[in-house]
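Each of two forms of one protein chain follows alone as structure tokens, named structure 1 and structure 2.
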Structure 1
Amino acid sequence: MTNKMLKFVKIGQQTPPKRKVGFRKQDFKEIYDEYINEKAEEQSSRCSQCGVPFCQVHCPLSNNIPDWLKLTAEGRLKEAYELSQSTNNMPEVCGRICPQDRLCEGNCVIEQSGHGTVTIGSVEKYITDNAWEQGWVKPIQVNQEKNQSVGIIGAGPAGLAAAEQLRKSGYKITVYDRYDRAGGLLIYGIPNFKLEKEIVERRTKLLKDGGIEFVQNFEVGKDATLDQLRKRHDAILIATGVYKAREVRLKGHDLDNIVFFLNHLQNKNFFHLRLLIFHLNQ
């Protein structure tokens, strides 16, 4: 194993290169470029393959991180993707927006020993994006259809993940959402420089191709009552998410003209606000 792994003493930590500022100013898309294949293998080989994988212990999904790092280091990218997605419905999203600094990467053993963490999030993003490019990501194939339906209220991460898992079990799934696109805060709360909309829409299309029905611009209580939805389906899952800003208890938090930025993030005209902020900082 040592010829492929445990190279953290010889190879330093390196994140993917940032896109040039001139390009980022034009489109506000993601800050980082992709790893090239060799660099992803090299950075994965820094993993110490420790007996108690604290990266996995501190992952809310218990992702089998050491194993898919090893597979990546060996160039077995399809197997790495398959293992990554086995515990994660959206690995390409988590690789971009998960707070790795205080979860998997923050608890990496070689980070604690001063060698710099394995860049787990960047590798996860790389192997999943590569899987999409190679055509390895396929729509859900249902082996046995069930004559039961589940209605899911809310097309955010929880609703989408539940829809996928239930569809894999053969249930007929309908997802209802008040907005014109599925994704919840992945679409309306996270700006493109962290998570481009195409990444979420690509995943949503995959779910549609797998037989999941989406009803957009639908508001419970307005377009149909909860009781009416219950009559349409055998079960209802309420996954409406958290569209409420969290107040920071700092001195002056209760002063006039204090606004929550979450309201602006959900604004469809947020692109113009970003342009204003950029010009103010010049």
Structure 2
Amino acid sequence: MTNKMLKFVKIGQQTPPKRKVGFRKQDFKEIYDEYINEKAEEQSSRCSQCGVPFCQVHCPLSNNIPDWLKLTAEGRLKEAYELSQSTNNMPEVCGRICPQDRLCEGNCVIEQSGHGTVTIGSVEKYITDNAWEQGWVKPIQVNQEKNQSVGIIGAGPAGLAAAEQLRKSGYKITVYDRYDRAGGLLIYGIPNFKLEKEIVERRTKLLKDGGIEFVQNFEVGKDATLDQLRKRHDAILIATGVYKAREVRLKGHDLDNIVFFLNHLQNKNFFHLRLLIFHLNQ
């Protein structure tokens, strides 16, 4: 191991700075600014390169976190990005919205020993955003086209990730979604202050550039039946998400005029909610 790592004994934890409230109230865009390069390297160097990396063990994607932290600390940002994206179809999204406090960061050994976790999510976001800026993120290049086609119902993260993996294997892919934009709840659920729409749209465009076809405003069950789609494709993947609201077990939950917010998850509702919060803050 180089002497670049294990710096948690000397260097404190630092997250990227928050954008000023005045600006955030104007645009409701993401709360945190980006790391500058030196900070990303410095914060990555706090990692102790555990033999059994609990960050990776608790990552649902089993991301090779210690290795890309080390590469970042050494300034090898392209390799860090390549390693990070090798297990993750959209690391810039996970860097922004994953519940890191319960997964990698919450289980980081130096967090457990009271030194404050390595800021894994912010570094992941930094190295991927930097890769986009540098032009290192490229559309899929298919080596050998296959004749079979797969229809994917649902353009949420599950559908998009499956589309990418299957396209890389050479299948012809069509993604159907009932809404006008791809992204599922990344677009219609998660607000801009956590994940700006352009970040998702940039990913979708990359998939289109890699040959994946998107059919929007197309509801399976209304615009076509499942059987009709089955006849169009060799295989169908259903990735339609979970839209059944959960009951809250509270007294009065069955009173009149109590509605599930899930049924109102469209951005225009978030817009009204944001306006309401804004007025309450005045």
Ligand SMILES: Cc1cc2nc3c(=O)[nH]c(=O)nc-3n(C[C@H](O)[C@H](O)[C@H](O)COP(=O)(O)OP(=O)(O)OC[C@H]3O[C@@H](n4cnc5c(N)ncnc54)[C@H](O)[C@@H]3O)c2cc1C
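Think of the rigid core as the biggest set of C-alphas that the two forms share within 1.5 Å after superposition. On a predicted model such as this, the values are computed, not experimentally measured, just so you know. For numbering, take structure 1's sequence and count from 1.
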In this pair, it is the form predicted together with the named molecule that is given as structure 2
Rigid core superposed, Asp256 Cα shift between structure 1 and structure 2 in Å?
4.5
